[in-house]
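Below, in structure tokens: the form predicted on its own, a single chain.
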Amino acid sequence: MRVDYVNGNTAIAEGAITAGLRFYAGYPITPSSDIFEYLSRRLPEVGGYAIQLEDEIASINAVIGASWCCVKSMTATSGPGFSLMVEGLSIAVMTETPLVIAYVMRAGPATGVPTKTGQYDVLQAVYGFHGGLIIPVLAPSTPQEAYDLTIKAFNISEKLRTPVILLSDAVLANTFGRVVMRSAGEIEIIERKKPTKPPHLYKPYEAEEDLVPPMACIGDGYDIYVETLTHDERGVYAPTTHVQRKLMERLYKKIIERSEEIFEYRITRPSGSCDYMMISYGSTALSARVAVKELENESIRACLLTINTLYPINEKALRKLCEESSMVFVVENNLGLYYREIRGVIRDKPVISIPVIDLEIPDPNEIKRMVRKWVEH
């Protein structure tokens, strides 16, 4: 274990190395570029590789290829770069390829303000790719969480054979904090499940009871099909309703049925009583935390639920966390996008959106003003 003082992007890079990252491919784009620059120095020190390719399309496809060679792999990007990656992301979902994408949001749309922040891409992170499935999306709010959740992202990716998105933002990317870093022997590092059957009996997409197929890699001596078409358990194209239904249901269930295991959050209770629940994520949660503590001085007893796992939501746990509150506020640095997800889960009480559009970290005073308006209504 060692303690260092680093920003969010460096914490992500170090967390990835701790998790076993040995191949990074990317194309520079602000504000994710620090991750690439840092890994280009650090990965060779641990026997890994970092390469720059011509664009984000090539980058994610290189990461998919490396993962099929049994190398833990990652890329990082921001707004327009992620848009270029979504076809490759769909390929990774369909081929059940473990990989991690660090998605550092900036102000958009289009080129927007590359050096400033926002949380405008929270829905694109999970709904941007085609095919109607779901992938885990984790969102740190501090450098320590960036380190810890990066390790968790790799563990989920390897365990469930799925891409995982680590959703950060420009404020967190450049915010420095104390981070406790551990060696691989001090924390759980999950490796992917390999086949135990002899090669002539192996089917690359034949799932076991956990709905996850063992994954043989290139060079392991097995016949491997990296098939992006609808395929049967052997990986052979099979355009039938029966196969499509079976495949889609398994790919969906292997994620959604782990929502309790994947769901992670942090509660801040200044007074111990949660008359009002404030929900936030990413760097905006830092402002919401200040607002909650200062509202206590005005006898407004609010709590903060910082959600670290944006998808899949554990709906049962979320309702339980909000059950004692009479009103729920969703604070985010956009037009109120994730609020729609929360409103779909919490239906027995008012759910209020607090959209704070700010190119810097949102002002807690603005959050407090909007909360007061509803509480005193």
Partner chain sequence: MGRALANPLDIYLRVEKLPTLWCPGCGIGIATQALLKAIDRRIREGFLRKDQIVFVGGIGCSSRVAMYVKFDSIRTAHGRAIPLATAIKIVKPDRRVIVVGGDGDIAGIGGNHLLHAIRRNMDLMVIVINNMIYAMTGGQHSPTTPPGIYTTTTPEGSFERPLNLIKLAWSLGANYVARGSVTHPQLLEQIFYKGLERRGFILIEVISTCPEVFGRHIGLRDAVELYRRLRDKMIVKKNPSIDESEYDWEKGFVLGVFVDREEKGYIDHLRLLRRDCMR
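Numbering follows the first chain given and starts at 1. These figures come from a predicted structure and were not determined experimentally.
Omitted here: the form predicted in complex with the partner chain. The next part is about that form.
*Contact between Gly48 and the partner chain in the model of the complex at 4.5 Å, heavy atoms?*
Yes - in the model of the complex, heavy atoms of Gly48 and the partner chain come within 4.5 Å of each other.
*Counting only non-hydrogen atoms and a 4.5 angstroms cut-off, does Pro28 reach the partner chain in the model of the complex?*
Pro28: no, not in contact with the partner chain in the model of the complex.
*Would Gln52 sit within 4.5 Å of the partner chain in the model of the complex, counting heavy atoms only?*
Yes, Gln52 sits close enough to the partner chain in the model of the complex that at least one of its heavy atoms falls within 4.5 Å.
*Counting only non-hydrogen atoms and a 4.5 angstroms cut-off, does Cys69 reach the partner chain in the model of the complex?*
Taking the distances in the model of the complex, the answer for Cys69 is yes, it comes within 4.5 Å of the partner chain.
*For this chain shown on its own, do Val171, Ile352 and Asp358 all sit within 4.5 Å of the partner chain in the model of the complex, going by heavy atoms?*
No.
*the partner chain in the model of the complex: contacting segment from 226 to 234, 110 to 118, 259 to 267, 152 to 160, heavy atom within 4.5 Å*: Of the options, only 226 to 234 has residues within 4.5 Å of the partner.
*Ok, Val180, Ile187, Met248, Ile218: which has a heavy atom sitting within 4.5 Å of the partner chain in the model of the complex?*
Result of the distance check: Ile218.
*Could you work out which of Asn61, Asn314, Asn334, Ser325 is the residue within 4.5 angstroms of the partner chain in the model of the complex, going by heavy atoms?*
Of Asn61, Asn314, Asn334, Ser325, the residue with a heavy atom within 4.5 Å of the partner chain in the model of the complex is Asn61.
_Sequence-ordered residues of 79 to 104 touching the partner chain in the model of the complex, heavy atom within 4.5 Å_ = Contacts from 79 to 104: Glu87, Ile91.
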